[in-house]
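Starting off, we have a lone chain in the form predicted alone, written out as C-alpha cells.
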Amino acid sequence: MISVRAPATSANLGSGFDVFGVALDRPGDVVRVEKADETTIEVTGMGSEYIPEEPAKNTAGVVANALDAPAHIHIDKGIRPSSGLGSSAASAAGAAVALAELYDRDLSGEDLVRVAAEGEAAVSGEAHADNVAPAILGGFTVVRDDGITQVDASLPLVACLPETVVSTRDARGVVPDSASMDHVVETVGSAATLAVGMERDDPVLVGRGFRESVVTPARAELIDGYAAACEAAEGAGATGVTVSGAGPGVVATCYPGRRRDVASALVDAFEDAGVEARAFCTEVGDGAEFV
C-alpha cells in the first residue's frame, strides 16, 4: 500500500485567475492506494458524505483510469469539499502521485499535474491545473499551456472557511465574459507584483498583488460577510485578503506573528454576519509527499 498526503491549495489569488496557485501547509488529504483488478473508492473524513465514490465521478477515480492503474483508493478528507481550498485537487494530486509510485510509472512532476488535471475536470467540467499544480509541486505555481513555473516561497498565510457552500460551477458562472482595458492593465500590474512578492517572500507585495476588479468582486457576491471579513482582517494586520479559488474560502497574507490576530478577525467578522467560520493559521507549504 502507498500513502500520500496532498495539501490544501489556494488558486487564483486575486489577480491570477486560472493561472496562480499556492500550496498550504495545512490542512490536507491522505490518499492510500492498493492494486486491484478494478478501481474502487472509499471516502472518509470531512464532508465525505457529499463526495461520490463512483470512480467515474471522483477525481481520484478519473486519475486511476487516465493512468490505467486500477486500485482500491481510500481518501481520508482533511479538506472540506466546496471550500475553495482545492479539496478535489488534493484527492486528484494524491492519487496521481500514489498510483504512479504503485505502478512504477516514470512520470515527471508536470506529467503528474496533467494527469491530476484530468481528474479535476470531473468536478469543474474543465481540466484546470491551477490547484493540482501546487498540490503536487508545492510552493507558488504559475500554470501556462506551455509549462509550469514553480517558486519555493515562504510566507505566512491564513485560510478562513465560512460555513457556506459555493459550487465550482456556480463560481465560474458569475465570472464576466469580458473586461475593460483599464481592468486588464490593473490585473497585469497586480499579477506581476504578486509574482515578485512570492519570489521575495514579501507579504506586502503579495497582498497588493491580490487586488483585482473583475473576477473577485463577482465571486465575493456569493459569500455572505465577505466585505466585512476583509476589512476586519486588514484591521488586524493582514496585508491582503482575497477569495480562495472559487470560494467561499478566504485567504489572507500578513507578517509573521500576526496570523492569530488575522484568523480571529476573519472568524469574528463572519460570525457577526451570521455565518459560522473556522480559520487555519498556515503558510506556503510543500506538495504531495509519501507518508
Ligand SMILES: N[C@@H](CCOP(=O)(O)O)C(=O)O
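Because the structure is predicted, anything quoted here is derived from the model rather than measured. Numbers follow the displayed sequence, beginning with 1.
The form predicted together with this ligand is left out here; the points below concern that form.
Q: Would you mind picking the one in 105, 172, 211, 200 that has a heavy atom within 4.5 Å of this ligand in the model of the complex?
A: None of the others qualify; the residue that does is 172.
Q: Would you check, heavy atoms only and a 4.5 Å threshold, whether residue 15 touches this ligand in the model of the complex?
A: Residue 15: no contact with this ligand in the model of the complex.
Q: Spell out, yes or no, whether the shortest heavy atom distance between residue 241 and this ligand in the model of the complex is within 4.5 Å.
A: So residue 241 does not count as contacting this ligand.
Q: Please determine whether residue 246 contacts this ligand in the model of the complex, using a 4.5 Å cut-off between heavy atoms.
A: Contact check for residue 246: yes, within 4.5 Å of this ligand in the model of the complex.
Q: Would you classify residue 133 as touching this ligand in the model of the complex, given a 4.5 Å non-hydrogen atom cut-off?
A: No, residue 133 sits far enough from this ligand in the model of the complex that none of its heavy atoms falls within 4.5 Å.
Q: Pick from 105 to 113, 77 to 85, 137 to 145, 178 to 186: which stretch has a heavy atom within 4.5 Å of this ligand in the model of the complex?
A: That would be 77 to 85.
Q: Looking in the model of the complex, is this ligand within 4.5 Å of a heavy atom from each of 26, 158 and 258?
A: Looking in the model of the complex, the three residues 26, 158 and 258 all stay beyond 4.5 Å of this ligand (heavy atoms).
Q: Quick one: which residues from 45 to 66 get a non-hydrogen atom within 4.5 Å of this ligand in the model of the complex?
A: Read in sequence order, no residue approaches this ligand (within 4.5 Å, in the model of the complex).
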